[in-house]
Every structure is written in structure tokens, then in C-alpha cells.
Ligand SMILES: C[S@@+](CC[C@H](N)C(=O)[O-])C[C@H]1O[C@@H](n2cnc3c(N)ncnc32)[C@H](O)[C@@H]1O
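Consider the single chain below, provided in C-alpha cells and representing the form predicted alone.
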Amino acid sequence: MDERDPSTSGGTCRLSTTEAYHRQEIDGLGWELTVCNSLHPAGTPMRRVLEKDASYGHLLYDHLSRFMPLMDMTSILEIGAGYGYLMKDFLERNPGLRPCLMDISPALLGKQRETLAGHDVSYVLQDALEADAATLQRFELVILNENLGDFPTAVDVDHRVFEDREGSGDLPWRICRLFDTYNLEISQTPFNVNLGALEMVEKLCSSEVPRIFIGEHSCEAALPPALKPYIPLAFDGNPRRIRLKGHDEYTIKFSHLRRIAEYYGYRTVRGPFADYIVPNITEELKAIFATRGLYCDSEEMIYHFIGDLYEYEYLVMMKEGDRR
């Protein structure tokens, strides 16, 4: 079901969802180069432009260890784990982990089993939005990496949603409840709302999961001044549609997610992926910026990859009192 389906219109907005695609159609991620997959395996072009030549999961594990006692943990839930590379890296750092992977896609869950064969990992085929609090409370850390953009998004929302709430349908009611409860700012209309992402963070925080990590495309990201002349990225604070094979994703409004986390008493840390995937700005890399990677495929990949390190943001959420 996608945003053109009139059954989801709700009168003043409509819902874009990737559920049918991930349940029935997807057979792999080869056409969708995530940041995590860009750094796998060793020897990929993107690794040679980093200050530390390492995989995504190793870099993230080291970064999160600054904020939480990962070596003391055993129970971690990763929602939407792709090919399982991130969790494989976490297990290399900490073999004592007993992770659980939850996914809506039978095909991707199969890929994860292949990647993590031989490890003590449990797998759950389920929509994370339908997980109950008792299930979520079992975990010391929940990870959602590069997948919140796949969660349902309310598209082309206008102020009529907030003016006529009675009898307007389930979708407008869900939007109004979130904006009222968490005092979320209303953008100029029409605008898009990361409805599923907001509801997922609400579910995790209201279940009192002690630690949460989210990483995804942001609609509020900022480039360092030195890179602005070379990377034409513009962010207006409105979740942007990304057309992909068989489905649409939307960038994430991280300020909304942060507002929900802080409502429930979480301490938060937010920043670009470049905080832990640090590019080494050499003369060679400056030359790639200047040409925008037009002279060979590997340089074009590097050019777009560096842009992603700033377009993607992360949000770490920790219950107050959980300090290193």
C-alpha cells in the first residue's frame, strides 16, 4: 500500500506504508546501499577515506560505549536488522551478547540467519509497532538503524487535521493525539509526519526500555561550513520522500523524536553519523569533492557516502541516571 491508495486518505492527509513491500516483495538490499552495507566488507572504497578503517558495527559499538556499559549487557534487540552485519560486529566486540532480531520481512530475516549462523541469536517475525511492552522491557538496549524511514508516514497533512477532529477518521486522530500529547510544532502546510516513527519511539519510551539507538536520514541535518560548497544538500525540516525500488521512504524529523524521549524522562544525545564514522579530509578527498566524484565509479560512491555521513543523524536515548 502506498500514498496513492485512496483507502488511507483520511480526508486531509494520506498514509504511505512499505508493509506490503517488505512482507511480500523484497528479496534483498543489493540495490539499496545503506551506510552500514557501504562499509562491508573490508577493503571497500569508503573505508579508505575514514580516520579509522573499520566496519559500521564496530564504529557504532565503540561510539555507544562512550554513553552506556555495552560490555556489561547481554540482551539487545535490533529491529529491522537488514543483512545482520551490525549485530555480527557487535558480537565480535562482545561475544557475551544474546541478541534478538525482529523484522517484518521473512526474506531479510533469512539473510540475518545466514550472516549470524553459529551465534546464539533469536529471531522474531513481527511488525515492531505491534510488539507489547512486556516484550520490549526484556531488553537493555533497542537498536533501529537505517529503517525508521520505512515506517508509515502521513503525507500532505494540512491544518484541517487539527481543526476538524470529530469523525475525521483514524489517521487524523492519530496525528492529533501525538501533536497534542507531546506539544509538537506544526509546520507550514502541507507537511509530512513520521507517524510510525513517532509511535515506535513512544512505544519504546512508554515501555521504559532503558537505552535506545536510532539512526536514519534526517530532514533537519546540517553540513559543516567547509563542505557546503561541495555537497548540495538542503534541509527544510519537512520529511522528504525518497523513491526506491518498489516503495517510498521518508526522511526523519529528529526533533519530534527527541521531544517524545524527553517527555518520558530520557537523556538524549543527537548528532550526524560523522560523529562516529569520521572522514579523513585529505587532499585526495578534497579533489573528489571538487569534481563531485564524476571521474570514476568509486569516487562517485565516496562523494555520496560523505554526504550521507552528514545527512544521516542518530539519536541515543537513555533513562536519566544511566550514566557512565
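What you see is a predicted model, and the numbers here were worked out from it, not measured in a lab. The first residue of the shown sequence is 1; numbering continues from there.
The discussion below concerns the form predicted in complex with this ligand, not included here.
Colleague: Ok, 209, 128, 171, 221: which has a heavy atom sitting within 4.5 Å of this ligand in the model of the complex?
Modeller: After the contact test, the surviving option is 128.
Colleague: Within 4.5 Å of this ligand in the model of the complex, heavy atoms considered, which of 36, 260, 288, 277?
Modeller: It is 36 that has a heavy atom within 4.5 Å of the partner.
Colleague: Since only the chain is shown here, I'm wondering whether residue 201 would be in contact with this ligand in the model of the complex (any heavy atom pair within 4.5 Å).
Modeller: Taking the distances in the model of the complex, the answer for residue 201 is no, it never comes within 4.5 Å of this ligand.
Colleague: Taking this ligand as it sits in the model of the complex, is residue 14 in contact with it (heavy atom to heavy atom, 4.5 Å or less)?
Modeller: Judged by the heavy-atom cut-off of 4.5 Å, residue 14 is well away from this ligand in the model of the complex.
Colleague: So in the model of the complex, does residue 151 come within 4.5 Å of this ligand, heavy atom to heavy atom?
Modeller: Taking the distances in the model of the complex, the answer for residue 151 is yes, it comes within 4.5 Å of this ligand.
Colleague: In the model of the complex, does residue 82 come within 4.5 Å of this ligand, counting heavy atoms only?
Modeller: Because a heavy atom of residue 82 falls inside 4.5 Å of this ligand in the model of the complex, the answer is yes.
Colleague: At 4.5 Å between heavy atoms, only one of the stretches 102 to 110, 186 to 194, 69 to 77, 226 to 234 reaches this ligand in the model of the complex; which one is it?
Modeller: It is 102 to 110 that comes within 4.5 Å of the partner.
Colleague: Across 138 to 161, which residues bring a heavy atom to within 4.5 Å of this ligand in the model of the complex?
Modeller: The stretch touches the partner through 145, 146, 147, 150, 151.
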